[in-house]
Ligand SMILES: Nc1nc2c(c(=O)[nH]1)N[C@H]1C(S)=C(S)[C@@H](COP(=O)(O)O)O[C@H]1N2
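Given as structure tokens, the chain that follows is alone and in the form predicted alone.
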Amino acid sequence: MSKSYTERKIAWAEKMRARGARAESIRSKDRLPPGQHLVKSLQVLDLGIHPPLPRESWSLEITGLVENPVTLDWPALMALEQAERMSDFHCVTTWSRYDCRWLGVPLAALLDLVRPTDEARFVYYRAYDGYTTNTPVDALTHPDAMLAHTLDGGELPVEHGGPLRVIIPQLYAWKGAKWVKQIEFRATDAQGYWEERGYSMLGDPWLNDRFA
């Protein structure tokens, strides 16, 4: 018998907690992950393309193994649950910034909207600049994971992924696609841009999990 969506969501959250137990033991001793150093402001790292995306023409498609596929325009995005979260930002190139203040849609609320099916185990992200990356579905259940449109009280700047980017603070920041265009739920994992070039499929900074 198929599990209900609520049962699947609970199972994903438990899986995330189990996977993160070792990382949490490290995090409890030192807020800064292994091999990282602190900076005062977010650095700009991308493919060199900053796509102009007026909000009136922007859209986000959520597709794949979901019961309720949707395409959101900006008013529909803003009509979803909004929340402010404070989290740290860890780049695989060894810099971290503490206490980034994000406002946007919790990814847990997006799960509730589209309701991934039993078969959905992974998520593949496509961005307007051609960038791609991947995460497990359970990563989206983290309370600080979100679709962010505001940073530190102001509109998310284009160079940092505005108008909308993915934030998954328990993973290295390359897993949080800037200028996100499509979120696809999949049964099988798939490499994104950096994963094809030797980076980890998971990317947990507390396990120093940078490369495959």
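A residue's number is simply how far along the shown sequence it sits, counting from 1. All values derive from a computational prediction rather than experimental measurement.
We do not show the form predicted together with the named molecule, though everything after this point is about it.
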In the predicted complex, is there a heavy atom of the named molecule that lies within 4.5 Å of any heavy atom of V66, even though the partner is absent here?
no
Residue-level contact is defined here as any heavy atom of the residue lying within 4.5 Å of the named molecule in the predicted complex; does I168 satisfy this criterion?
no
Does the named molecule get within 4.5 angstroms of any non-hydrogen atom of D129 in the predicted complex?
yes
At the 4.5 Å heavy atom threshold, is W179 in contact with the named molecule in the predicted complex?
yes
Quick one: in the predicted complex, does every one of L32, Y98 and W206 get a heavy atom within 4.5 Å of the named molecule?
no
Name the stretch, out of 86-94, 103-111, 116-124, 134-142, where some heavy atom lies within 4.5 Å of the named molecule in the predicted complex.
86-94
Answer key, the named molecule contact in the predicted complex at 4.5 Å (heavy atoms) among V70, A187, V39, V44: the residue is V44
Can you tell me which residues in 131-162 come within 4.5 angstroms of the named molecule in the predicted complex, by heavy atoms?
Y131, E159, H160
